[in-house]
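Both blocks below hold the same protein chain, though in two forms, and each is given as structure tokens: structure 1 and structure 2.
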Structure 1
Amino acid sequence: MSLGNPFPPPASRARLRAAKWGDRIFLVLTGLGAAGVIGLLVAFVAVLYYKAQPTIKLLGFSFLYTQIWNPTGGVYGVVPFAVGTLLTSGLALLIAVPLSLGAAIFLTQQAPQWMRRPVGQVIELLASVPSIIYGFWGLIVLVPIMRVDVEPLLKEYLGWTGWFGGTPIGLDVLTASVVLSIMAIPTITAVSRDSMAAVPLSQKEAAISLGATDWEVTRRAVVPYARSGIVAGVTLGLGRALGETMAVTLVIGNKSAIPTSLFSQGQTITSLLANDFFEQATPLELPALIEAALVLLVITLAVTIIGRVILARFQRSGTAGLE
């Protein structure tokens, strides 16, 4: 925005000079803020990389593919935790995405007018409830239900798939995924509801005039139009699930091994950090933990960037998108 004023108002020279200096100082100050935000991101990677040097030098790439974490034996591998993180977050999305989209569709397309706004606002509010509350509820209320009611049933009827082996004790990968999905649902629902509500009426009317049923209107007119909002919501939900610490730590059982079934106790990168950061067995465990944090940072960066790339592609492909 360049706005040269061809008719400068009469002003004393001193005032003009003051304004000029004011502008300069202001530019520098806001520029510092901008540099701070970008610098923070660079500093993140740099500091973690620097403090993880001892293990990076000693172990090299073996940290990324070793399947055992045994600090007293000097063996450090991030695989069990990376698997735990990706498995719980993936399962959580598998549960949360269909439910959230269904709810968003209901709230924007089918629900009676009077309930759309209030329910939408309540869901938005639930998205900002601190995660530790979901975790605590999971530990006290959900774990016994999973142990006594849900998991034995799953074992009996779906045991043959191999996913539900072992003794169901409630504190396991499955429960952690369920808690994560309950946490992610309000976020995904709220964002996709916003974008579905913003679909112009003309789009829907066009579909209706062609004889589409309610579902076909949603499937062919609403969802494609709102898809960038949906992707944004899912990315946001996935980001929160990947980085969630407290809720997971409380219910996953905290065992540093690769889960063999959904009833296995496991560990995510976040719960590893929460459990071990101040109870290090050996001096080398600290850099190993920091390197694990670096791995998690890279995973979440990748998710954010992939999400943005998908959004950019949608916008280029011409669908009116919402960002």
Structure 2
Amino acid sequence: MSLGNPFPPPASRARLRAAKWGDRIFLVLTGLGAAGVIGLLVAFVAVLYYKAQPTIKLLGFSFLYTQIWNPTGGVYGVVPFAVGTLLTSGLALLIAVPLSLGAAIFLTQQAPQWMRRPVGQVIELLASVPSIIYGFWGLIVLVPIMRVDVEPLLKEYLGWTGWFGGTPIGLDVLTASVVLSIMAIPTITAVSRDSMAAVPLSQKEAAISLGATDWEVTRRAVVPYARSGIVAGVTLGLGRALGETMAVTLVIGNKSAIPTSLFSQGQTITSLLANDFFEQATPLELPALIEAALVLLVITLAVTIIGRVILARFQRSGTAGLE
């Protein structure tokens, strides 16, 4: 019985060497791509930090806790705009997440098969609509509705809470939050739908065989399995809300003050940059605006890292929610 030739022929050895070189080249190219992405992030931070040096050296940490933005008086504080950014984005998530999860559950668990694909395509189309379109729609359609129909009712029945005080004018933090929530819903819904659709059929059938209702199947079998994707979708939606510019600028009122209620006019960091970047009152205002952009970048990175930490925790826990 022949054991065969333990050494490959020269042609095979040449192909193996070529394959190894190809793998090495592929590794180098992909490594360069990854390094390029990291390099872009480092470049963003470095450029913003360098351009903001005048205010960083002059104002120090006072820029982070001062509540007044007065270029002519040489006073710069990012607090009103950071509060406006976090308030509108947080409220947008409170509105968008329940609606998005409800839509995703309906499309994956309840909707007939003929409806799922076209409705899913419409949702993906909404995610690609330019933000300026949402802004114009909010200014022309939503602002009058909020001013005449919605905000007076909120003030009448919930004004005692303090969140809905002041004069309903439509151009305020609440309207901006609603517009942001509408913009975030398609992204959160699309990612959550794909995650729920990837749940193995055997897992749902196992729950049904134990006598689970549709609600119990969704709560115990579908959502726990897809929760990492849901968290990723929420993080993406929050990222869009934090970085949105034109839509917010059109409907928030653009007042440089900390909002005292949801009916107050305010500003986000992005709307501040859009309004003032090309109209600096003093030479020091440009570095102050750049430092505000750096603060926004840090906030966005912090939110993304927190989302990744939560996602990693869910992935480690696996399907513990089914136990």
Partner chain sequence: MKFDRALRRKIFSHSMTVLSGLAIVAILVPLAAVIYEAAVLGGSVFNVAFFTQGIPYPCSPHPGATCQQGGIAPAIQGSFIMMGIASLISVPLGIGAAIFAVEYGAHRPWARAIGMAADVLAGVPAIVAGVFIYALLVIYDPTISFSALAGGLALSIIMVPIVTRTTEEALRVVPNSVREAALALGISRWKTSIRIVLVAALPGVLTGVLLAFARALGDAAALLIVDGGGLYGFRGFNQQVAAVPIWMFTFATSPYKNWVTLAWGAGLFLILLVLALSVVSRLVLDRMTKKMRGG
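Basically, rigid core = biggest C-alpha set you can superpose within 1.5 Å across the two forms. What you see is a predicted model, and the numbers here were worked out from it, not measured in a lab. Reference numbering: structure 1, starting with residue 1.
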> For this pair of chain forms, which number matches the form predicted together with the partner chain?
Replying inline: 1
>> How about Phe277 - superposed on the rigid core, does its CA move between structures 1 and 2 by 2 Å or more?
In response: no
>> After superposing on the rigid core, what is the C-alpha displacement of Ile25 between structures 1 and 2, in Å?
In response: 9.4
